[in-house]
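One protein chain, two forms: both are listed below as C-alpha cells, the first as structure 1 and the second as structure 2.
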Structure 1
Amino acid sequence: MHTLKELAGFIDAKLVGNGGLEIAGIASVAAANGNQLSYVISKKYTKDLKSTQAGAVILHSDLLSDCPTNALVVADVHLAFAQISHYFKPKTTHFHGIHPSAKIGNSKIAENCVIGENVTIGDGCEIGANSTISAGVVIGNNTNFQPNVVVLENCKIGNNVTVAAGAVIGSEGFGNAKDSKGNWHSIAHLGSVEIGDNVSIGANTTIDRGTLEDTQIHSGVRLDNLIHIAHNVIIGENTAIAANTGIAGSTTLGKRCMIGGMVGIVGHLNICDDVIVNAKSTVDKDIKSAGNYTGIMPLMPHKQWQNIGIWLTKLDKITRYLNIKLKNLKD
C-alpha cells in the first residue's frame, strides 16, 4: 500500500486531489475501484474516464478536465504506468524447499521442487523433479507436471491438466515503455495466468502473465511444444495449437480452433470460433468467419524462386503496366 502522494513522488507526477488516499493496486479505468489506481493513455478512453470508479487516474493534462476523481498528471502516461507498476508487484521472498504455508493434498512432489508461500495443490497430482511453483499458485486435482516446470506467482491451474517438461507459466509479458532518452522501461505484469481443466501444455512452451487482467487458457485447450502465448491472450475451449506457434499480446482465439504449427498471430486480434489456420501462416487481421485459412509462399526449387522474386515485389507495377498497355492498344 502506498499513498497517492508517495506514488506521485515515485513518478514525478503533479498530484491533483487527495494525496492521503491509500492505493492497493492498479486496474483498468473501466474496472478499477476506489482503492485502485488506473491510467488513461489517450482521448479514445475519455468516456471510460468520465465514468471511472478508480481512486485515482494517471493521465495527461489534456484529459484532466474529464477526470472525476484524483489524478496524477504526467507528460508520458505509458512510461509513468510502466514505472509505477513495479511498486505493486509482489516480491518473491521464498527460495527454499516447500513453504510451511503451502497446502498440498494427496499428491506426489518429486525431488528438488521449490514450492512457495500459500501455494495450494489438490489431490492426485504429480509434480516432476526440479520444478518451481511460486507463491500463491493454485493447482487443482489430478494435474501432472513433468520435470523442470516453472509456474510463477499466483497462476491458477485447473484439474486434469498436463504440463510437459520445461514449460514456463506466468513469465512477465513483453511490455515496455520508452523514455525520452530512448531507454526501455519494463512494465511489471500484475495479472497472472488462468488455466482451465483438461488442458495440456507442451514441452518448453511459455505462457506470459497478463498486464492487469489474466491471460486465459480455457478448458480443453491443447498446446503443443515451444509455443509462445503472450500477455492477455485468451484461448477458447477445446482449441488446439501445434508446435512453434506464437500468439502476440491481447489476441483472443475462439473455441474449437485448430492452429497449425509455426503460425504467427499478431496482437490485439479477434479470431472467431471454429477457425483452421494452416501451418506457417501469418494472421494479421481479425477472422470473423469460421473456415480454413492459409497464407504461405509455396516451396519451389531455389533457382525458380530467384526468378520470380523480382516479380513478387513488383506485382502492382506489372499489373498497372499491363493494364495501360492494353488500354493503349485498344485506343
Structure 2
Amino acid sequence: MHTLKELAGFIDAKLVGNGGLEIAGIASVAAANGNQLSYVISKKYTKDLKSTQAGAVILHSDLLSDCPTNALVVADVHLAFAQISHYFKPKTTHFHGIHPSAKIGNSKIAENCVIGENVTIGDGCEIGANSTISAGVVIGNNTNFQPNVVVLENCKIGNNVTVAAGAVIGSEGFGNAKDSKGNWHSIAHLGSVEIGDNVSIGANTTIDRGTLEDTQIHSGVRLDNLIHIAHNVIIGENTAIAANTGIAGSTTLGKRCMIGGMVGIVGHLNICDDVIVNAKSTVDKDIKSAGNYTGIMPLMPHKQWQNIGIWLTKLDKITRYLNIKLKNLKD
C-alpha cells in the first residue's frame, strides 16, 4: 500500500484532502471503493465523478469542484495515470515446472509445461507441450490447450474451451501516454481476461488483458487464427470472428455477430447483436441496428454499398461518355 501523500509525490501532483489515506489499488471511477485510486480524463465523465466512491481521484483542476473525495490534481491526467499504474502492478515471479501450490484435477499435462503458483485446473483437461500457465490462472473442466499456449497471470478460462497452438491470453495491452518531450510511458494493465464456456481460440491469436477491468470473451465465441483482441474488449455470446481481424481497445461486440477476415474495428465502439461485417471492412463508428455491413469506404448498410459498387465499376464508361459530350459541345 501507499499513502495518498506518497502517491502525490510519485506524480508531482497537488494533494487535496487526506494525505494519510492508504491506497490499496486502482479502479475505474464508477467501480472504485474507499481504498482505491481512480482517474478522470475529461468532463465526459463528470457524472461518474460526482457519484464516485473512490478514496481519491487523479484529475485536472477544472474538475476539482465536481470531486466529492480526495484529489490528486495534475496537468496531464493520462500521463499521471500511466506513471502511477506501475506502482500497483503485481511483481511477476518466474517458475519452472509445476508449482507445488497448483491444484490440478484429473487432467493431462504434457512435457515441459510451466504451471505457476496457485493455478487451478479442472478435470478432463489436456495441456499441450511447452505451454505456460502463470500464477493465479483458473481453468475449468474439459479444456484443451494445443502446444505452446501462454496464459498469463490471473486469467479465467471456462469449461470446454479449445485453444490452438501459439495463442497468448492475458498479454499486456497497448496503452501509452506521451510526455511534453514526446517520450512514451507505458500503462500497466492491471485487469485480466475472462473467457466463458465452449469457446474456441485459433492459432497465434492474442487477447490482451484489461487496463483496470477484464477483457471478456463470452460463452460460445469462435475466434479464428491470427486475431488480435485489445484491452477491455467485450465479445458477446456466440459471435464468430475470422482470421486477421483486429479489434481496438474498449470496444463491445454484441451476441451472434459474424466478423469477416481482415476486418479492422477501432476502439471505444458499441456494435449491437446480430451484425455481419464483411471481409476487409473498417468499422469506425457504432453499429446500432442488426444487419449486413461493408465498410471498405466509410461503413454503411450492405445494400447501399452494393449500389455504390455498381456505380464504381461504371465510372470509366461514364467518364468516356462525359468527355464525348463535352467535346461535342465545344465543336
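Rigid core here is just the name for the largest C-alpha set that superposes within 1.5 Å across the two forms. Along the sequence of structure 1, residues get numbers from 1 upward. Note that the structure is a prediction, hence the values are computed from the model and not measured.
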Notebook entry, point to check: Given the two isolated forms of this chain, which one is the form predicted on its own?
Noted result: 2
Checklist line | Residue shift check between structures 1 and 2, rigid core fit, residue 33 Cα at least 2 Å | finding: no
Next item on the list: Report, to one decimal in Å, how far the Cα of residue 300 moves between structures 1 and 2 once the rigid core is superposed.
Entry: 22.2
